[in-house]
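Given as structure tokens, the chain that follows is alone and in the form predicted alone.
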Amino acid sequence: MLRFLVRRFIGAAITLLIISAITFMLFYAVPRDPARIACGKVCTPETLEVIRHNMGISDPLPVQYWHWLEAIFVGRDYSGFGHCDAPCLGYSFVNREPVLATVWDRFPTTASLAIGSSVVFLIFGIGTGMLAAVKQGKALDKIASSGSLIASSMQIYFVGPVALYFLVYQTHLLDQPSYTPFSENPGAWFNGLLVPWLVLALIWTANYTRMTRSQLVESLTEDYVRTARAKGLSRRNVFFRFAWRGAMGPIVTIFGLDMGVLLGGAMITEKTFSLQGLGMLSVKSVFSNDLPMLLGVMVITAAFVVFSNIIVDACYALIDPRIRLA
């Protein structure tokens, strides 16, 4: 396991290096004047010259990338703006603060949204899929399959306003969506994110219901499951010990990818409920032409996806005894 993790972390570092290099080249090579874009919409000639100096526009592009990469480990000074401590992913000349500081300020909102909604859609999605697989061909299976098909075709920007109208504005059953740090008030944190959790989980629950059902139906027909039944093991023991564990591998794989994407920012959900997370930060950075911020968010999002896959691979051996990691 240790050798596996070491190899995967080395591979992850190389992958992130390639992703950051490609993204940097796209952001800073394609525009005719990246300094003008990074300066934002309100930019004086004096500020523009300072930003050009800080970005090293006169240097070759590989040198610019090397300076950006070097700042991650040793930090970097930005004339007229201040010092960016290591790890430094750049400096937002629009917000006038280091990129990483802004990202960490927004990350708790996105993490709360991602973790809370994932708990909901995993419980309901996998649970409903298991029931549908056990009751294959019966009324419960047909209802679950039809309901998941309808729910998966819905969009958050439609379900969100509808949920707000009926659950918040009309019936006042739930609170207006907002974010309160968990350490300050756990109750306000839970109540403020409950509606976004439910809306986001509705779409994802449908996908996990269909996926769990299909995997379990296939797993229940495997030879090793039939052998376990023939040996006289109870139906529950056969289901959870053999069929369920064999079916969870693909589901865990997809969940690792989904979790990495959610931690990178659920843009539509955050925009719908006005939550100031990484998704909203990305949207605002696009409209304000904040290239350093966009680059930093993309690299961090890629890191979440890459490291989520490492965790998923490490979990395989715990879920499926047929898999061993050297």
Partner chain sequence: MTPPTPSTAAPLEVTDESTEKQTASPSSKGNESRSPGQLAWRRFKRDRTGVASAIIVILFFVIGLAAPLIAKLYGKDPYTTYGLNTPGLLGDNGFPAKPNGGIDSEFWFGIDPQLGRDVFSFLLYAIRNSLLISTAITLLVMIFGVVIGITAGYIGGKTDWFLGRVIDILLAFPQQLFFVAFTPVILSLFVPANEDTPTWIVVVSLITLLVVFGWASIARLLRGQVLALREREFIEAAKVTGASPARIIFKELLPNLWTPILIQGTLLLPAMVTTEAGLAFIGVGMQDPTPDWGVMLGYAAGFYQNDITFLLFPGITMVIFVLAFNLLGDSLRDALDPKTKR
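Positions refer to the first chain, counted from 1. If you're wondering where the values come from, they're calculated on a predicted model, not measured in any experiment.
Keep in mind that the form predicted in complex with its partner chain is not shown, yet the notes after this line are about it.
Per the 4.5 Å heavy atom criterion, its partner chain in the predicted complex is contacted by stretch 149-157, the sole one of 245-253, 149-157, 223-231, 185-193. Screening Gln64, Thr47, Gln276, Thr301 for any heavy atom within 4.5 Å of its partner chain in the predicted complex leaves a single hit, Thr301. For the options Val74, Ile123, Val162, Ala139, the residue carrying a heavy atom within 4.5 angstroms of its partner chain in the predicted complex is Val162.
Contact check at 4.5 Å (heavy atoms) against its partner chain in the predicted complex: all three of Tyr169, Phe287 and Leu294 pass. Contact check for Ile57: no non-hydrogen atom falls within 4.5 Å of its partner chain in the predicted complex. Contact between Lys271 and its partner chain in the predicted complex is found at the 4.5 Å heavy atom cutoff. Using a 4.5 angstroms limit between non-hydrogen atoms, Arg106 is distant from its partner chain in the predicted complex.
Proximity of Ala13 to its partner chain in the predicted complex falls outside the 4.5 Å heavy atom cutoff. Contact annotation for 197-214: residues with any non-hydrogen atom within 4.5 angstroms of its partner chain in the predicted complex are Arg210, Arg213, listed in sequence order.
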